[in-house]
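The chain below stands alone and is given as C-alpha cells, in the form predicted alone.
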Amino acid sequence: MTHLALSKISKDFGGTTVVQDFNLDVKKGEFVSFLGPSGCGKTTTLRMIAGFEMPTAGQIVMDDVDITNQPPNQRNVGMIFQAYALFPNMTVTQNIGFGLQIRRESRAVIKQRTDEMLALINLEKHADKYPYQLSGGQQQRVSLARALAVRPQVLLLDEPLSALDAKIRVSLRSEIRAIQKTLGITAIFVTHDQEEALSISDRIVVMNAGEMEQVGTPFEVYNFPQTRFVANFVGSLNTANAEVTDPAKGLLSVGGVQFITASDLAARKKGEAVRVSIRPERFSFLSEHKKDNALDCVIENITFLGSVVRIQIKIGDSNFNMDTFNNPFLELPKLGSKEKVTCSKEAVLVLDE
C-alpha cells in the first residue's frame, strides 16, 4: 500500500526549473534514497515533502491526505539535517523532548518517550550533557532521536552523515538503517554518496538535472543501469567507442576487436557508432570457464587498492580497468605481458543518453 505519493511534482525558482515531473510511490516502512550530484534537485524534493518549499506543480499525498499546500507544522514528518541543528543551551534529554513540548504533551509522556529514545540511540549515560560535550556522531544520534520522538509518519534525512569522518559514517548509517527497520518507519534519505545509497536503501532514485534518471533496488541500479548517466554515476565504469557490426547477433567492434553484448540492438543499424560500458569487476582472466567474450589483452598497469587490485588492460586500441579481489596468494601478471581476459555478454552495456 502506498504511504507517500508524489505525482508530477515540479519546482521553479525565478524561471529556472530545478525539479521536473517527479513521480514516486513509497510504501510504508520503505527506505528510499535520493541519489545524485549537487544541484540535481534531491534536497529541493525532500524540502517539498517536509513543507519547507511548495511545489510549482503536482501533488503530495500522505496516507490518502493531500498535504501539498500544508505548512510544515501540520505535516507529521521528522527531519534530520546535515548540520545537527541541536539547541546548544539544552541537554540531550531536553533536545530530544523539545518536539513533544511544542505539542504540549504531559511531563510523564515526555519523560517516557525521551527515555525510550535515549535507549534506542544508546546514549543513556549522556542524557544530561550539552551538545558541545558530544562527538559529531553522538550529536547526530540525538538529532535522530529528536526527529523520532514525535512518532512521525515519514522520516526525512538530508545528507545527515556528510559532516562526519569515514569510519563514523559507515557505523552510523548502519545504526540509522537498523533503527528504521526496528521502528518500521518510512524514510527518505538524500545523499550524493553512491556507497551510502547502495548499502542501506530498499530503493534508489537516481536524479540528474532535476529529473529522475532511474528508480530501482540497489542491485538493479548498479547491475542494470538504464542510462549512461546512471552507469557512470553509480560505481566505476569502463567506456569505449564501438561500432555495430551485426545487430541481430549483438556483435560490436571495439577498436577492431569483436565483442558480444546482451543489450538489445534491434533498433540499431549496421555500422552505427555507439558507446559501450563495462564494470571493471566484470572482467576476469580466462580460465576453463570461458564466457561469451574471450579477448586478447596487454597488461598496462597494476594498482594496489587494498581489498581490490586494479589492473589496466589494453584490448585492441582501447584501455579498460579490471578489478580483482586481493588475497595473499594472488598471482599477478607482469607489466607488458600478453594475457586473455573474458566477460559475459550481459556485462557489455550499450546505453542511451
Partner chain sequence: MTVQNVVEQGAPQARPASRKLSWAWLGLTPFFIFTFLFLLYPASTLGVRSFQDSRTHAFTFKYIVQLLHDPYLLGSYWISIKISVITALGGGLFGFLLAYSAIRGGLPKFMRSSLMTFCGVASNFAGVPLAFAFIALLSPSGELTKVLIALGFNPYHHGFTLYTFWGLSIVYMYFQFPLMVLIITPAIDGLRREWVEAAENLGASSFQYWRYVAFPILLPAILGAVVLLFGNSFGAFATAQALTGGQINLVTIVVGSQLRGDILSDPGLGYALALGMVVIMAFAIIARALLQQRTERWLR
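Residue numbers count along the first chain shown, from 1. Model, not experiment: these values are computed from the prediction.
Below, we turn to the form predicted in complex with the partner chain, even though it does not appear here.
*Asks:* Among 262 to 270, 206 to 214, 118 to 126, 97 to 105, which stretch sits within 4.5 Å of the partner chain in the predicted bound form, heavy atoms only?
*Replies:* It is the stretch 97 to 105.
*Asks:* Kindly indicate whether 52, 72 and 130 are, all three, within 4.5 angstroms of the partner chain in the predicted bound form, using heavy atoms.
*Replies:* Every listed residue reaches the partner chain in the predicted bound form, so yes.
*Asks:* From the list 163, 90, 183, 170, which entry has a heavy atom within 4.5 Å of the partner chain in the predicted bound form?
*Replies:* Of the listed residues, the single hit is 90.
*Asks:* Heavy atom to heavy atom, is residue 187 within 4.5 Å of the partner chain in the predicted bound form?
*Replies:* Outside the cut-off, so no.
*Asks:* Using the partner position in the predicted bound form, report whether residue 230 sits within 4.5 Å of the partner chain, counting heavy atoms only.
*Replies:* No - in the predicted bound form, heavy atoms of residue 230 and the partner chain never come within 4.5 Å of each other.
*Asks:* Is there a heavy atom of residue 81 lying 4.5 Å or less from a heavy atom of the partner chain in the predicted bound form?
*Replies:* Looking in the predicted bound form, residue contacts with the partner chain include residue 81, since a heavy atom lies within 4.5 Å.
*Asks:* Is residue 291 near the partner chain? Define near as a heavy atom within 4.5 Å, in the predicted bound form.
*Replies:* Residue 291 lies outside the contact set for the partner chain.
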